[in-house]
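First, one chain by itself in structure tokens, the form predicted alone.
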């Protein structure tokens, strides 16, 4: 995907975006395999275990987003700092190290799958912690790559122009690299082990990633509609304060089951719901100001400015409200301890996870891919095509459909397995056999297929953008 019209930093960004998109497809593919096995347990029996398909689905999700995040930073750095990114040769080397490590890990997951219960498995097959199952050698490699990326960011940020966006990214990426370390050691006490595991899963994803999204949103709004930098950076700093505050305190809603003090329950449930608010406020404020400016320009007889990248803008707006729905609404209504007593470990959690990851992160990273495609092809105004409209509609509709189906399945589990039968093994199996639960799993699979078809259309649009004259009018 590299182009002679781009500087080296943006060329490297397109590499990251390309591999991220490949992993995005792998995530959806293995998700379909796991969803099919939930409905037809004999599917790929003794070829690919459900647990392995699920591991590949979840880990591909995390890794493709990390790749796209690195790509987003390499793309915006020259624009924000006014200089070429420093250490780009090291960045290219680390990219290939990262790609090679991920390829080896995926092959081991597929062809080895399980290992002995000793240090060999932890170091060379998988560590067994959900979301961060990567074997220890790959963990170390990821940290090395992340530290090299952080070094390039800091060297460039300190030498070039220091905008609020770059400053926030510099601070955030230290936490991004540092918090991952909390998942790299093992303790025999399951409560202590889970305590540190949640530091990675919650503080890494729900604090540092959310701050990252705020910085990318600020850059995107400036790039696409000429938003006032003071406005977006004001909300970005508010988001930093609320996310690092609410993210740290909000982590307490995970502590319900691992023996920590009870005061964490209410604190965690309350503050975890505050995380998406600043991002939504940024979009509302910026769009309100932009609308007023448009009206004033038209009244003065001047031509109104246009959104210079409509596909990206669509994904960015979807991010603001998808974040609010997935991370905020679906997160809040099942994390209150009085409710979580019944919903913990049910499909409610899966419903929240699907919509939150998609709404909070996938949307804005896809938007950044469109910004990169626009820059790579020197397109002044990038317009929507039928493929881009159908892609965003099918992907968003498919994920929302999966979320609703999983929510209904979770309701059956809560009603039957927990409330009626007291969380017994018999209750668990009765809940799994319920008609609404089974239909929920069927619809999850159907909506997953819709999402995958949307992904195919998205791939087509990203690959053909710039070759179709409709984009350049």
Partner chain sequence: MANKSVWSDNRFWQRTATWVTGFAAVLLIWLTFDTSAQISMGTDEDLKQGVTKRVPGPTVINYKIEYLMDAKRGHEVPVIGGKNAEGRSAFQEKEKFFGRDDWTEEEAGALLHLGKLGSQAKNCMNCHTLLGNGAYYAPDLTKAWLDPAWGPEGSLQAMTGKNTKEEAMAEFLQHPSQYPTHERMMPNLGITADEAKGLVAFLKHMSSIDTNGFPRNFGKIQGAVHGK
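Just so it is clear, the structure is predicted and the values come from calculations on it, not from any experiment. Positions refer to the first chain, counted from 1.
What follows is about the form predicted in complex with the partner chain, which we do not show.
The contact with the partner chain in the predicted bound form, taken as any heavy atom within 4.5 Å, belongs to 342 out of 357, 342, 176, 95. Among 404, 29, 446, 419, the residue placing a heavy atom within 4.5 Å of the partner chain in the predicted bound form is 419. Put simply, residue 151 is far from the partner chain in the predicted bound form: not one heavy atom of it is within 4.5 Å. Heavy atoms of residue 442 never reach within 4.5 Å of the partner chain in the predicted bound form, leaving it off the interface. Using a 4.5 angstroms limit between non-hydrogen atoms, residue 137 is distant from the partner chain in the predicted bound form.
Contact annotation: residue 111 falls outside 4.5 Å of the partner chain in the predicted bound form, judged by heavy atom distances. Note that among 334 to 342, 80 to 88, 363 to 371, 380 to 388, the stretch whose heavy atoms approach the partner chain to within 4.5 Å in the predicted bound form is 334 to 342.
The partner is not shown here, but in the predicted bound form the stretch 188 to 207 reaches within 4.5 angstroms of the partner chain through a heavy atom at 188, 189, 190, 191, 192, 193, 194, 195, 196, 197, 198, 199, 203.
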